[in-house]
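Taken one at a time, structure 1 and structure 2 that follow are two forms of one protein chain, written as structure tokens.
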Structure 1
Amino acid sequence: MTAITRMWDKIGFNQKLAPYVFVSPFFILFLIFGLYPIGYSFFMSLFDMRLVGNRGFVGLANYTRLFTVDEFFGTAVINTVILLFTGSLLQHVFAIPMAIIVNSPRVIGRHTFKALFFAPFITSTVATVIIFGMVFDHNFGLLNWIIENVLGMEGIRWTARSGPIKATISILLNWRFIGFNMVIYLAGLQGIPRELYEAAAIDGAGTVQQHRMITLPLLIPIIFFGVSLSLIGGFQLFDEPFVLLGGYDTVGGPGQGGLTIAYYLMILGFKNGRLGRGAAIAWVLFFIILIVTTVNRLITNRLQKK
């Protein structure tokens, strides 16, 4: 008993050792649960791996074919990048001001607004799809009704054509995750000492100026988190286009309008049974995300040092 207590004290009071102990659960769990699937996927990507059975080593063929014979991969990359900007990153432009507004004690009913804005994140997919079906239906939908009757323009074929499909997915993504990002920023705002604003107000800074000079710089760690999450989530976008475009019945809708990298990965793996090719996409995607998040990290570091 005493030996354990003594050891406990030894670790407990050791400032050098403590952080390793604190992060160790992650590595223990990663070794047990994370490493095998990742290693397995690397293995698969080098073989002609089918859903059932392995047809042998193919070297890098699963990778090279993506950039040579494959008719879909290029489109998937372009779609994903477009949706990344219009769907995932755009949200932060809305989420930060919204967080600041509902965080202000002067706004009456801010707790209610907060909950209402967060609702899309927890609304069931079934209801979401039904509603979006109603809103975006090209004959009976609310949006086309407004476009035709209020704006006097021709209705848009929201889910039927390649371009509009991307607009639909972007709107759906913004709708679904703005509240989620707002909540992340709300938490970040709690860490900013109130005194800073009071001091700035005394110096004669207006509200907008205060937020530009205090809120944004101090929110950088959280912005980095939010944007990283959006970059990763945006490159791995799957659910929304998949549900909207009929899942495996099409290859990302007419003209591959909504085919994202992850959607294509799942088609190759689960629909076509080509696990090796799917795994190769997973690794290409991994390196793309790694590069983009690294750039994001470097930019953030520079901003933070200023």
Structure 2
Amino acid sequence: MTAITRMWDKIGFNQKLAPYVFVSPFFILFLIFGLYPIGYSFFMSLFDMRLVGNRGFVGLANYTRLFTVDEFFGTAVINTVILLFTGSLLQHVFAIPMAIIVNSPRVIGRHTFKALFFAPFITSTVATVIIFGMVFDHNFGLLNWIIENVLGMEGIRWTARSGPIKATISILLNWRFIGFNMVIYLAGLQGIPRELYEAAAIDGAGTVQQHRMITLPLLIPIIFFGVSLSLIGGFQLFDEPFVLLGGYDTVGGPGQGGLTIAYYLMILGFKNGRLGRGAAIAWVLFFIILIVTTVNRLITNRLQKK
């Protein structure tokens, strides 16, 4: 009998309760810092709550306002969806082939390539965005210098128009996260037995056929995981446009080209002090993410059954 057990016996402690006592700190912290804030945010969304004072109960008015009279929410949703496809989901189109190439034992220095491709993900977001802002500056940026002096074309106002703003953010997101997704797929590839490829090669299957018939089907669970992370991160996109476009005051830049749902949430909640409306956006965003990840799960299940 251990010293702890003897101590519990002396104080008459019920040993059946011991496991619950030991795990209780986690649940207490989760209730205080997790569940309570979640519940209180929904409570806030039903009130005209502000940083200073509470203007009273409004029911679902904060939600209906978003879909009726709010002048920026629709734009934020459209921008977020566009950037989701061009900046978040597009990464996987490049990440899978890159993982296949780096996974090949015939590639010299493949471990170095892994580190180089993954490095942008662990680089500070603010530092990365500042550097990209300098490169894409429409007056003195390196990219416009190349376009004008090397290609002989007119420079692009990257952060001064709605379309180029989205292109800039998309390029930035792809540069930062393609390597991260490549590492995820690389881990999945290393779990596929080499014997399957050897058997396929004996049967006369070429490299493309092997990857189409073996690699992609066996990577479907990993693809679901990677795409789910991209969906969640894409709908929560905030840091990159916020830093690139100058914070709260620009409201997403010219034409609100970089205004995302999370960006607009922060503007309403913390710049304008409309906590109730900001909380409503947070819950709308939660249900959007819940729906798209569920659809992703259904599509994945359908593909796995084929």
Partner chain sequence: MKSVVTAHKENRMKRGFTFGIGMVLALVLIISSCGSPRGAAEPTLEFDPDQTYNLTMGTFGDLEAAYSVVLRSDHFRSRFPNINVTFQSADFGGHHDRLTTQIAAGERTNDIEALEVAFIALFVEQGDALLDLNQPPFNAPSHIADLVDFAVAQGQTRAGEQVAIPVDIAPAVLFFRENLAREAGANFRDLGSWEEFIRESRKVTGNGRFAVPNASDVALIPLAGGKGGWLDAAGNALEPRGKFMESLNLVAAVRDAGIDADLNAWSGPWIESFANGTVVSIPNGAWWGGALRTWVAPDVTDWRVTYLPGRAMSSLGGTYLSIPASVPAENRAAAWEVIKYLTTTAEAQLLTFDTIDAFPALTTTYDDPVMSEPIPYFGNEPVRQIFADVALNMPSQIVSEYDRTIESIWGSIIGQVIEGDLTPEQAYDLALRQVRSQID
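Please note that residue numbering is based on structure 1, beginning with 1 at the start of its sequence. The term rigid core refers to the maximal set of C-alpha atoms that superpose within 1.5 Å between the two forms. Given the structure is predicted, the values throughout are model-derived calculations rather than measurements.
Peer 1: The same chain appears twice here, once per structure, so which copy is the form predicted in complex with its partner chain?
Peer 2: Structure 1 is the one predicted in complex with its partner chain.
Peer 1: Take the rigid core as the frame of reference and indicate whether the C-alpha of G34 shifts by 2 Å or more between structures 1 and 2.
Peer 2: True for G34: a C-alpha shift of 2 Å or more.
Peer 1: When the two forms are laid on each other by their rigid core, does V23 show a Cα shift of 2 Å or more between structures 1 and 2?
Peer 2: Yes, the C-alpha moves 2 Å or more.
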